[in-house]
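Structure 1 and structure 2 below are two forms of the same protein chain, each written out on its own as structure tokens.
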Structure 1
């Protein structure tokens, strides 16, 4: 299977598509956010340092993120195929990732760009709901993503939660940051001939079918 880098604006559905790939193809989903939270939960010296950094609102350095990513990519299960979600976020990180992959003897096969207009992404962001127990995602505005019972997880039967940062003002800030910092990655990976752009304006199933044709 091809190792995947996902590039997409906020609320474009990277998590949903990653879950589908994990379930059908047994991919390893690697989220930098999850790596940070896991290290904090471990209670290690680095985890305690990260906890202090994150509580202060400061950004975690690229060096720390890179080291956590190195450790995760070097685990045996990553060799069966992985998805990178949330990294790289800019061209400098992409260059660091190239060197990291080279040192570990792994390949970066395809960068998948989930293309979505700002208005559509914001609509989805404002409707996002997540199960606090199993982590399954829903959307109160998208018919194919609605829970069977309003605001209740289909699998766990517990009340779903929205994200505190899913509001119009915050979303626009996040989207503009994405445009400024992340979109140049498209040119970077296009020049490396591994960029694949997928129209993400349809249903999650439509998007997944397109991803399958790429991998």
Structure 2
């Protein structure tokens, strides 16, 4: 199974695509955003420090994220094929990841770029909802991703929640951070001949079909 790195603007649907890959191929989904949100939820000193940075839309320091990632990649299940969602976010992290992969004996097989216009990404961010119980993602603006009952998880029946960084102001900061820091990764992985670009402006299943054709 090919190990996957996702590169995409905020709210592109990396989480949704990852869930589909986990269900169909039993991939391990490693999201640095989720690892950081768990740290925040734990109420630790580190978590409190991270919370303000994440709410602002800025990036957390490379050292903190890399340490969380190193611990996660070192777990046995990561050997069965993983999706990296949200890391690397800049060229420095990509270089660190190369070293980390070498030291752990894992390969980075394909970098999938989910290409879409900024307006579409912002629209998705503003409509995004998640079930706090099972983690399933919804979108109130996308007909194929709406919950059956407004604001309620189809599976758990509990109230869905938005993310504190999915507002217009923070989205713009996150998008600019992405253009400045993360987009240069396209050249980085193209130079390594592992970059695959996918049109992500259609439905989640269109994108999933394209992803399947490259893994």
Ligand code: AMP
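Take the two forms, superpose them, and find the largest set of C-alpha atoms that agree within 1.5 Å; that set is the rigid core. Numbering follows the first chain given and starts at 1. If you're wondering where the values come from, they're calculated on a predicted model, not measured in any experiment.
In this comparison the chain labelled structure 2 is the form predicted in complex with this ligand, and the other chain is not. Checked against the rigid-part motion between structures 1 and 2, the candidate from 121, 179, 68, 101 that sits at the hinge is 68. Comparing the two forms between structures 1 and 2, the rotation angle of the smaller rigid part against the larger comes to 35°. Superposing the rigid core and comparing between structures 1 and 2 gives a CA shift of 3.3 Å at residue 34. Here the rigid core is superposed, and residue 51 then shows its C-alpha moved by 9.1 angstrom between structures 1 and 2.
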